[in-house]
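Take a look at this single chain in structure tokens; it is the form predicted on its own.
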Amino acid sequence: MIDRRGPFGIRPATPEDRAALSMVCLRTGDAGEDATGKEDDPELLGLIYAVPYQVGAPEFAFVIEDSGGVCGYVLGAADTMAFQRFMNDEWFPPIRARLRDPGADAGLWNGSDWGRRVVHEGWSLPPVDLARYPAHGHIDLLPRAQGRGLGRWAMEVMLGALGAQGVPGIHLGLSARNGKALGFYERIGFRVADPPGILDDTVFVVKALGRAVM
């Protein structure tokens, strides 16, 4: 089923969308900007932050599209601890088998070594209260889909799906350098986690569900 607003539609993501999910993830992967020039493995960002949601939590994975194809996504997981187990026990092992481990010294990393290290080290739990905010999510839009209210709409769809399952709250991580994204989340009812959980340069925002997105 596709919900439409003008030339844009939002629908559940399918396995056929996985290449598009990776593309959007790469082109928004540098604190909201295009990361193509920074990554030597163009698929790796998507294999960490986008595609596994369509595989491991498809009921909360949606794509935004127009006549040019997929131009954004909103992805979620209802139980972050369960999703961590999926990532570390099922998703990463076959990817790990084909990637060298760049080691733990970030000073020696180049290109996509940060992502290779994530795959080898495993997915860590965020420093937030997972009893109150067990769900997490990601949203990314290509430039042609920005500034049109699509982000708010997409979040309404995903938060509604989570709320319908009785999920009490959600957290999101974003780059501390991405002030634009932080402002967006605050406008739709998120707040910075208290105490603020900082992981590397990532800041976490939280929202209790069961409330309308304003």
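The structure displayed is predicted, hence computed values, not measured ones. In this text, residue numbers run from 1 along the sequence as written.
What follows is about the form predicted in complex with a small molecule, which we do not show.
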Proximity to the small molecule in the model of the complex, single hit among G149, G37, G166, G68 (heavy atom within 4.5 Å): G149
Contact residue in the model of the complex, chosen from A78, I139, V119, M87 - any heavy atom within 4.5 Å of the small molecule: I139
The chain here is shown without the small molecule. Which stretch in 171-179, 158-166, 50-58, 37-45 comes within 4.5 angstroms of it in the model of the complex, by heavy atom distance? 171-179
Does at least one non-hydrogen atom of L26 fall within 4.5 angstroms of the small molecule in the model of the complex? no
